[in-house]
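Single chain ahead, by itself, as structure tokens, in the form predicted on its own.
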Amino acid sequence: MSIDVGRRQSNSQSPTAQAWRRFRRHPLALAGLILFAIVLLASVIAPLITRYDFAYLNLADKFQSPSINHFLGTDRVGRDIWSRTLYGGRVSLAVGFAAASISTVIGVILGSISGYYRGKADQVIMRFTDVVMTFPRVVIILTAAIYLGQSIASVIFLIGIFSWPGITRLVRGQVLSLREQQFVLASRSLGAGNRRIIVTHVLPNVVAPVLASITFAVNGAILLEAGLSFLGVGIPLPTPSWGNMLESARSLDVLQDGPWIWVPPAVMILLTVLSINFIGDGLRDAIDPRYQQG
């Protein structure tokens, strides 16, 4: 009897409520959500919980280990590591979400056109996608960054326009299966145009898998920004990011004698990427019909 009541209550809930109930059953996903919320909140309220400006130079306190005045110490020119870590989170997270948004928009548009219209459009888009995927992304971005110059906007733009092939393939596969469903065929028989069918019937059913894939796109963008900044072609100084803070570890004396300079941004990248991965796994389990049956 209790099982039947539970099933009736589950069926009476909205899809969003059911997804949230399944998400809560994923302990790692909940832990990741809480951890990411803490990182995001700390970055947003950075002006309220820091004592020094991230660009303030104090040569008298340079290369100091953690103390009461500087919670995480200072770098080689006296800048406060605590302030730079929190403000750097703002930049790294902004780059991650903005670049993932660009790649998602491109991927959804190209994947929808390719999967729905098929034929020549599918051939052209898929072959172009294959060509983009064959190029080493980091090398291409490094080369393009030299000509575009170093700025937050150029980093977001370059990461975004070279990160869409995976989402394009995902959306194409979903649309290929959806275009033959009965509700799409019925809408087409009633005279609905292709654009209306795609926007009204196809894309809403692609949101779920795309939402899960966005989390991994954000992770990829954060890691790629960190790599570019570590190589010196990412976010320009003095603007902090977790990547260009790690760049100081290229110096042997900092690597050995000043771990407080590079460990905090490294830990923040690790925690952020892990938390977003856990959230993505939880979203996949919550919205994937195969997991819903389980």
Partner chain sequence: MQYFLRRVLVNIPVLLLVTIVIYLLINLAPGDPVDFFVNEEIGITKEDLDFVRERYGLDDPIPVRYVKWLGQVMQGDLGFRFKNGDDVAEVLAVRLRRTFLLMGTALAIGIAVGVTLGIFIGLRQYSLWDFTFTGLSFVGISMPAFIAGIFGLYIFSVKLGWFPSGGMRTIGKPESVFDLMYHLVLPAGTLAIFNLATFMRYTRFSMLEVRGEDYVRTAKAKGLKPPAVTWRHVFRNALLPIVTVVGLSLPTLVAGALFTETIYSWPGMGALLVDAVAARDYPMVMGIMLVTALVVLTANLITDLAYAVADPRIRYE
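Numbering follows the first chain given and starts at 1. Just so we're clear, the structure is a prediction, and the values are computed from it rather than from any experiment.
Absent from the display: the form predicted together with the partner chain. The rest refers to it.
Enquirer: With the partner removed from view, which of 171-179, 104-112, 186-194, 140-148 is the stretch that lies within 4.5 Å of the partner chain in the model of the complex, judged by heavy atom distances?
Expert: Single hit among the candidates: 140-148.
Enquirer: Taking the partner chain in the model of the complex as the reference, which of Ala46, Val39, Leu246, Leu33 has a non-hydrogen atom within 4.5 Å?
Expert: Checked against the cut-off, the match is Leu246.
Enquirer: Non-hydrogen atoms within 4.5 angstroms of the partner chain in the model of the complex: do Val77, Ala153 and Pro238 all have one?
Expert: Result no, not one residue of the spot touches the partner chain.
Enquirer: Can you work out whether Pro204 and the partner chain are in contact in the model of the complex, taking contact to mean some heavy atom pair no more than 4.5 Å apart?
Expert: Contact with the partner chain, no.
Enquirer: Is Ala17 part of the interface with the partner chain in the model of the complex - any heavy atom within 4.5 Å?
Expert: It does not: once the partner chain is placed as it appears in the model of the complex, Ala17 has no heavy atom within 4.5 Å of it.
Enquirer: Taking the partner chain as it sits in the model of the complex, is Lys120 near enough to touch it, meaning that at least one heavy atom pair lies within 4.5 angstroms?
Expert: It does not: once the partner chain is placed as it appears in the model of the complex, Lys120 has no heavy atom within 4.5 Å of it.
Enquirer: Indicate whether Leu283 is a 4.5 Å heavy atom neighbour of the partner chain in the model of the complex.
Expert: No - in the model of the complex, heavy atoms of Leu283 and the partner chain never come within 4.5 Å of each other.
Enquirer: Suppose contact means any heavy atom within 4.5 Å; which members of 189-222 contact the partner chain in the model of the complex?
Expert: Result: empty, none.
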